[in-house]
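There is one chain below, alone, in structure tokens, taken in the form predicted on its own.
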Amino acid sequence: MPTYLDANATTQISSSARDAMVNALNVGPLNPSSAHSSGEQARKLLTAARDDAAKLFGDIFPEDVIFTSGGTEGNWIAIQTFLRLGDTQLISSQIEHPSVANPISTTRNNVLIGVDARGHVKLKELSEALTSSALPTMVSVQWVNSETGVIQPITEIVQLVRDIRPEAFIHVDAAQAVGRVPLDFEGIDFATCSAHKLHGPHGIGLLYVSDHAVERLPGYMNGAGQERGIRPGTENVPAAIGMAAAFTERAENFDQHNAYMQTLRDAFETALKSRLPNIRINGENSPRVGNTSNVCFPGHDAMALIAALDANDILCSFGSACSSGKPEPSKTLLAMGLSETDAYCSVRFSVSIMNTESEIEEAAQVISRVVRDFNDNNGRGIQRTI
């Protein structure tokens, strides 16, 4: 059976989430908008799911959490809602997820902030961008980078924005942060996540919306009144219940799960470095979530290496899952100062609580063997012409 080391792309649904969904599906038709008793039951189930799912979002009111189809839709709603103000300014970083970077790139007044070698947003550049325009402004930052696992100093960023532009809006893509770092949404207007990143079902996510945003921003989607009118449409009750089960399991075992994943990640990196002393861990000296390793294998094309590892039952990735099909160097790694050559040689490995110590040790052995085989076959490994 393959060893799955791509948890930042998606995770295996947990048994508790699967069972909760099956139980909900067996209840019968569930439309929370219906006036009859089945509708009332659906509303109760949805309310309970919202309460449970919101536990990982820190000290917030569950009513401020909106069900979406996932992080991409949540990011889209946040950005498009803000843009309805008219002439606006959007500030983001050079290392945002494509679900944020792509829609922002189409706007007229957008500012991209650089990052330092650690992968942290340059606060001086952010400060300058905030003072460069009087237009209504939104700052959008990914809490945890999906490729490197580097954690942004969100508290500092929020404080800086509030000090300079207290009326500005702050949007945080928390897809890789939920369940992996303690969250505090104080001062944040929008935050998004997907259930499938945390052993929940696909097709369901959460969008946190602050009172500040609700009071000042026009609605984006027209339709019925579900989800406070922010995301109208009949809610997916079974999926919401599955997400709530997965999120509850993580909330109840937060420290234990994260300590376990960090133990796996650290053992994996130690084993790799002992066998392949020339490799580098991108972002190694930065604060990182405990499940992610982005490894540069000098002289080896990452796509070729990933294919060879796949053939040896090791599943990993090159960059973000939403863009990894494209043979382009990682914008995140380039922004951190890596050369195109080194960016092309970097592979992401990400573990989950479903991985075991034995398969992590075996994976390190297999990866080392595959890399050595590349060296033996052509001397310099597989190269990419830039």
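When you see a residue number, it is the position in the sequence shown, counting from 1. Quantities reported herein were computed from a predicted structural model and do not represent experimental measurements.
The same protein also has a form predicted in complex with a small molecule, omitted here; what follows describes it.
| in the predicted bound form, the one of 75, 291, 282, 93 near the small molecule [non-hydrogen atom within 4.5 angstroms] | Looking at 75, 291, 282, 93 one by one, just 75 meets the 4.5 Å heavy-atom criterion.
| message | Under a 4.5 angstroms heavy atom criterion, identify the one residue in 165, 265, 250, 97 near the small molecule in the predicted bound form. | response | Selected residue: 97.
| query | Quick one: is residue 119 in contact with the small molecule in the predicted bound form, heavy atoms, 4.5 Å cut-off? | reply | Because no heavy atom of residue 119 falls inside 4.5 Å of the small molecule in the predicted bound form, the answer is no.
| message | in the predicted bound form, is there a heavy atom of the small molecule that lies within 4.5 Å of any heavy atom of residue 70, even though the partner is absent here? | response | Residue 70: contacts the small molecule in the predicted bound form.
| request: Examine residue 199 and determine whether its closest non-hydrogen atom to the small molecule in the predicted bound form is within 4.5 angstroms. | output: No, no contact at 4.5 Å.
| query | residue 148: heavy atom within 4.5 Å of the small molecule in the predicted bound form? | reply | So residue 148 does not count as contacting the small molecule.
| request: Choose one stretch from 81-89, 119-127, 301-309, 174-182: the one whose residues place a heavy atom within 4.5 angstroms of the small molecule in the predicted bound form. | output: Heavy atoms within 4.5 Å of the small molecule in the predicted bound form occur in 174-182.
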